[in-house]
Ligand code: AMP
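One chain follows as C-alpha cells, the form predicted alone.
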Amino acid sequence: MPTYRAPRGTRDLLPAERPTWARLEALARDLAARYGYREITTPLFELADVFERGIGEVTDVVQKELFRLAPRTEESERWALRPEPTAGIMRAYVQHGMQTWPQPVKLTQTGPMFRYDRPQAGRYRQFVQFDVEAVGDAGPAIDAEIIELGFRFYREAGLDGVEVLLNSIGDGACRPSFIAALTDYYRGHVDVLPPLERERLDRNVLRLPDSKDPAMTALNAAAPRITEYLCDACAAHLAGVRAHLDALGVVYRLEPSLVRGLDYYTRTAFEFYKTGREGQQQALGGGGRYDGLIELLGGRPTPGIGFGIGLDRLVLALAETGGASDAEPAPVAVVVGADPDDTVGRLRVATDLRGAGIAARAELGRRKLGKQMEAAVRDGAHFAVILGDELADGNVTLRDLRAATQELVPVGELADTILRAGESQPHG
C-alpha cells in the first residue's frame, strides 16, 4: 500500500491517458481559433469576492464548494481557487480596459478548475474546462454561434448523439413577474417541499424548477414556465436564436425548466447532454448570457455570453462509447547499435535527428543488437537506425521496419532520408 496518494477527488493522468487529453485540448484551441476566439490565461486563484459576486453568494459553488486559501497572518485579502473561468475572465476584461477594444471581444481558455465537491464519476475536485466568452454583442446571432461551436466540438471530438437543451430566462423587465408567480406556486406547496428546496424558496426560488430531487418531479412539471412570461424583446431574442440554430442545423430542444438563479443572467441559457442521459450530474457542459455580470464586477453595462465544457465528463462519455483510445505517440526512429557499449554514438545520432525535428529514441541500455531491435519494434517505430562497422566510413544502416527494407545512408543525409520517406509513407 503506497504511503502517499493523490488527494481525494483528484487523480493522476498517466502517460497512456494523456494522448486523449492532448487531442481534446488541441481541438479546443484549434476550434476556438477557427471561430476567432483569442486565448487568455487568468490566474488559478482570485480574490474570493470575484467569485462571490461573479457566481453568487447564495449558490452551492460559493457556499459549499469554493476552495478558499488560508492567507498568512499579515495578508488581509481573501483568496480562492477558481471554480469556473468566466468570473476571472470578466475581471480581466474590466481590469485591462477591454471595453475600449473592438467589440465583441472573443476570448477562450482551457485549464484546471477547482471545487470542493463530493467526488463521483466524472466530477472531480480538480477538473478541466474548455471555455469561450463573447463580450460586447447583445444580438441572438452570437448566441447561436457559441452554441454551434460547442456542438461542433463534441462532434469533432468523436462523441455522437449530443443534444442542446435551450431556454430563455428573460431579463429584468419580465423575470420579476415570473419570480412572483413561481414564489406563489411553491409557497402553495411548501408542506411537500424537501428541506433543502424549502430553504431555497426563501433564498433563490429560481433554483427550484431545476431541482433534481425526485420528490420535486411532479411539482416542477406543473410549475409556471418562464416562456409564459417573456416580454416581447426577450421572446424576439429567443426566436432569433432558434432561427439561427435552425439555419445551422444544430439539434436542440426547448427546456422550460432550464434556469439560472442569479439576476445578472439574462435570456439565453443552454446545456449540452448526451441524448437520453439528461439528469443530475449528466450535463456535459453549458452556458448562457450574462448581460449584468461585468457591471457587477465594476465595469460599464456590457452584454456577454459564453460556455464551459468539462473535458473530464467528455473523456468519460467517450470511454463509454469506445471513443477514448488515442494511441501514445511512437518514436519515428530508434537508434540501435552493434556495439552494446557505444551509447555515446547512439545518443549523438539521436540528438541530431531530434534537432532536425524527428522524434527519435536512443537505445541507451547495454544489451545485444537483437534485443535493441525487438524494443524498437515494440515501440512502434517506423525506422531503426543501426550503427555498425560502416560508421567508420560515415554511414549507418537505415531499416524501414514497416516495409522490411534497409539501405546504407551517410550520417549527414540521415535526417533528410527519413523525412522524405515519411512524406511518401506517413508515420505516427
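Just so you know, these numbers come straight off a predicted model, no measurement behind them. In this text, residue numbers run from 1 along the sequence as written.
Beyond the structure shown, there is the form predicted together with ligand AMP, which is absent from this document and is the topic of what follows.
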Checklist entry - Quick one: does Arg123 come within 4.5 Å of ligand AMP in the model of the complex, counting heavy atoms only? => result yes
Checklist entry - Is Ala92 a contact residue for ligand AMP in the model of the complex, using a 4.5 Å heavy atom cut-off? => result no
Next on the checklist: Leu284 versus ligand AMP, in the model of the complex: is there a non-hydrogen atom within 4.5 Å?
Outcome noted: yes
Next on the checklist: Taking ligand AMP as it sits in the model of the complex, is Ser211 in contact with it (heavy atom to heavy atom, 4.5 Å or less)?
Outcome noted: no
Next on the checklist: Using a 4.5 Å heavy atom cut-off, which of 354 to 362, 103 to 111, 310 to 318, 163 to 171 contacts ligand AMP in the model of the complex?
Outcome noted: 310 to 318
Checklist entry - Which of these residues, Trp79, Phe178, Tyr252, Phe127, gets a heavy atom within 4.5 Å of ligand AMP in the model of the complex? => result Phe127
Checklist outcome for this item: in the model of the complex, the residue from Lys274, His244, Arg260, Arg152 with a non-hydrogen atom within 4.5 Å of ligand AMP is Arg260
Item to check | Stretch 99 to 119: residues contacting ligand AMP in the model of the complex, 4.5 Å heavy atom cut-off | outcome: Arg115
